[in-house]
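Presented as structure tokens, the chain that follows is alone, the form predicted alone.
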């Protein structure tokens, strides 16, 4: 999957070179985490250098994943190497956030934006934004942001904190959105072309499922002179997907396992990304009776390039009885870990067994530790962290 993701990014950059775009704008989350794998960084930076050497500037803002505990982002490092420009420039003056435009030299387009922040602070930045000075600026203007918007919030993100679009400056030619993983093109009076391209490839479990079902992934190419003349979504699909949903309701664990194996064996998965979603209530047996690693292995042997197993909605009558029997918390946690550890994606296969369940429970117990008398908050956090790291020493497991 990592290889596919890097290849997808490279393909997007190649298309930009082939289409001779004037510049590229990345609205946050260039990488999944603030401190990404350096091998992945090397691949991305090599491609970005190729883009820059072809004369195409790259502009960006911080996403919610682009921050680190030290405050220095990989975005800052790439910018210092001259491979991109962070368009978030400004200062707080007399209680107002005053942003400066970054003007693209070739097109004279003016870019400005607000990076992701913790939502409370993010809302505060928008509240104090000096919108009037931005609205008065002449020329072709782009506002880049990495936030969810109240007006365009997907139903499945109903609990996510978002900001109202009224916090944005009005009258811009294009509003380039990040953060939301659903593609959409939106318009409101005073706010035309509020566009969310979604992820280039895929990320979370929900993204995987929707990609496997055929949802298009890619980016937008925007044509403009003084005004926008064209908006084109460019799809990138390096691998096809297969989505298989299965409801176990009415079957016991042995029946469900047998039926699943038979149905899975009939799927054409060669060269495809597979999402297997199992849900419902087993009439007998435990969820842990089902050999999920075996099902995944069957698909991989059938030629699948990747298998994602979602069994979040799977339960059993026996499990329900366990919950209502009033057993102690430790026993319930132990059984929950044992039932679910097999579906966790880890690089050490041995952890998908009782060993992983025990390690998980030990770690949870360690993190529940209470502060000692007169122990400072810092010392308490350091102690918890050190205890957790000690538990996570996996040398013996790796040798096994």
Partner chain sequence: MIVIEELDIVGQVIAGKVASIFIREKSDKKIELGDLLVAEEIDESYLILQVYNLAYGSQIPPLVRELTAGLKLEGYGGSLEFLDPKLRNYVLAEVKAVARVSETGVRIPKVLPGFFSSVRHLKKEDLRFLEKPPNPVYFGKVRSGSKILDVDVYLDGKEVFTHHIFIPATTGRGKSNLVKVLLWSVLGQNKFGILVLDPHDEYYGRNGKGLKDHPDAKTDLKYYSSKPFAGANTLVINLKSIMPWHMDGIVEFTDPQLDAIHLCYEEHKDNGGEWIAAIVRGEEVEGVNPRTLNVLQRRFKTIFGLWVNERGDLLCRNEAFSNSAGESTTSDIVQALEKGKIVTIDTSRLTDKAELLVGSIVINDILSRYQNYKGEGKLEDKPVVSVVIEEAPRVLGIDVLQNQGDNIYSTVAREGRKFKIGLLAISQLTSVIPTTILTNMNTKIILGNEMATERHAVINSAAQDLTEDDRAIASLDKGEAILSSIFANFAVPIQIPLFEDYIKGAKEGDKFSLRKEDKVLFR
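As the structure is a prediction and not an experimental result, all values here were calculated from the model. Numbering follows the first chain given and starts at 1.
Keep in mind that the form predicted together with its partner chain is not shown, yet the notes after this line are about it.
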Worksheet, complete the sentence: Answer among 94 to 102, 244 to 252, 305 to 313, 278 to 286 for heavy atoms within 4.5 Å of its partner chain in the model of the complex: the stretch 94 to 102
Worksheet entry | Every residue of 201, 213 and 271 near its partner chain in the model of the complex, heavy atom within 4.5 Å | no
Discussion item. With the partner left out here, check for me: in the model of the complex, does some heavy atom of residue 155 sit within 4.5 Å of its partner chain?
Written reply: yes
Worksheet item: With a 4.5 Å heavy atom cut-off, would you call residue 59 a contact of its partner chain in the model of the complex?
Response: no
Worksheet item: Would residue 108 sit within 4.5 Å of its partner chain in the model of the complex, counting heavy atoms only?
Response: no
Discussion item. Considering non-hydrogen atoms and a 4.5 Å limit, does its partner chain approach residue 88 in the model of the complex?
Written reply: yes
Worksheet item: Out of 79, 207, 130, 173, which one falls within 4.5 Å of its partner chain in the model of the complex, going by heavy atoms?
Response: 79
Worksheet item: Of the residues 183, 317, 237, 117, which one places a heavy atom within 4.5 Å of its partner chain in the model of the complex?
Response: 117
Worksheet item: If we check its partner chain in the model of the complex, which of the residues in 147 to 185 reach within 4.5 angstroms of it by a non-hydrogen atom?
Response: 150, 151, 152, 153, 154, 155, 158, 159, 164, 165, 166, 167, 170
